[in-house]
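There is one chain below, alone, in structure tokens, taken in the form predicted alone.
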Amino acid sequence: MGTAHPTRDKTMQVTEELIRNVVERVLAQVGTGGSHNGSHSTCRSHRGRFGVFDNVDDAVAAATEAFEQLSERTIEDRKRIIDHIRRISIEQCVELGTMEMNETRIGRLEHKIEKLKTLGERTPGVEFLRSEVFSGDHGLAVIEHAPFGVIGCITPVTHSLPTITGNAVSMIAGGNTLVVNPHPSGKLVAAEGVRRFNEAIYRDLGIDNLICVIAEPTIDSADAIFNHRGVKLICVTGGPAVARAAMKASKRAIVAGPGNPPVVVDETADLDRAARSIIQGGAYDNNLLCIAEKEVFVVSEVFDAMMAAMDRAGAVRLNAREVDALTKVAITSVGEGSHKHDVPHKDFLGQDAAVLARGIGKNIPAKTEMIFGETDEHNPFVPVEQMMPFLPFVRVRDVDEAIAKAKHYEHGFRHTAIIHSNNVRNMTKMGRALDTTLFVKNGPCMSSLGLGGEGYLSFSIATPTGEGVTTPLTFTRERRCSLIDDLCILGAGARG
């Protein structure tokens, strides 16, 4: 893709050819058949496919068979299954992360690797399962968390295999299996990762296809998953269009939608700490995270000092002319008439800061993590979820104006918001005003997921549908078992 996507080198071609050959070999083991949203295969068993399928019907049938087998296993077996996914994600993070970088060509290699390793280590598993018990004069009630069955998943190009990894750990911990329609630009690493997970699980426990992936994903295959009778729940991570489609499906959907996280810096903030945090979060994987800092509102009293703090922290400042030039090449318009809107240009999405700078004829050190500059609130970089390591800084009168503008440009997604302040009342005002799923104070965005802060990790953050940061319990349904007038051992209870 243009200057930001140079011709692929020989190493990448070999990597893609290797993965394609693996996928084709697995598909050929039992024969292909049917269209991508297609017909049932004549195969009675899908063992040996290791989760790679060319049509939705076969994938759902295999995942259903795997779910029935998983339902006969213990919680300890689920842990053993998850441990294989964790081990592969950790031990093979360099190889798989490199595959993902070579295929998608967006983000930063070291962060692709780190995401897989961290998800393997930190995604919640069976330890999150719990039961509730109510005991009284009239007996005993136990509330347990049961699986849904086969979960249909849509995953993004920004975190193709990491999203599958995190979802697989949580969903299988809850007793489910999954069928994944990955983004087409991340399909190869998705298929290879799923194949490795399933093969290890099958060799140990004899269950195959706990995670199934569509090898050639399309819009039609996504639609087929949404509407398949064998799919009991949908989990979608993606942009506005796929989020809307999932919420229109005739079954429950857990939707991780778009974000445009604003940052507020008030006059009480530790500016050097704020600058380091903004760079750490906003530059992570070249700003591909939906929780990442996207625009910064700074009160006028400390605006110039904040810009100087960004300089000291290693970011490169663009002047007004350079900001205008970058805006013209990095933001483009799509659609017609009332549907016309601004989006990040594909040639700059997820690219290094040095690539963005070269796009306007500016040379900066290759290791630069972030570029930034002053804009007004009407610059497209403020309302657009740009997903590239340039941050617009907007000067505002006071913290009240900063919070108001932050709320406006967050677009009501209620996803993520960040404030740098030592004034608890200002933190409280912003938290109440924006009402976001994640609200970070005095740290980088990822600290809200336990990376530098407290809590647990997930790459499926369900904001439109309200589940928040997902866990195994997110993918379960409550069941209540009641025993009447017995086992109430602490009192006299009812007498027959």
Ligand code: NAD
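Nothing here was measured: the structure is a model prediction, and the numbers come from that model. Start at 1 with the first residue shown and count on from there.
Another form, the form predicted in complex with the ligand, is not on view; read the next lines as being about it.
Using a 4.5 angstroms limit between non-hydrogen atoms, Lys232 is distant from the ligand in the model of the complex. Contact check for Lys362: every heavy atom lies farther than 4.5 Å from the ligand in the model of the complex.
Though the partner is left out of this view, Gly335 does not reach within 4.5 Å of the ligand in the model of the complex, counting heavy atoms only. Interface residue remark: Val126 is not counted as part of the site for the ligand in the model of the complex, having no heavy atom within 4.5 Å. The single contact residue among Pro392, Gly97, Gly175, Pro156, judged by any heavy atom lying within 4.5 Å of the ligand in the model of the complex, is Pro156. With the partner omitted here, the residue from Val440, Ala61, Ile461, Met430 that has a non-hydrogen atom within 4.5 angstroms of the ligand in the model of the complex is Ile461.
This chain is displayed without the ligand, yet in the model of the complex the stretch 253 to 261 from 253 to 261, 197 to 205, 116 to 124, 81 to 89 comes within 4.5 Å of it by heavy atoms. No residues of 430 to 451 lie near the ligand in the model of the complex, the criterion being any heavy atom within 4.5 Å.
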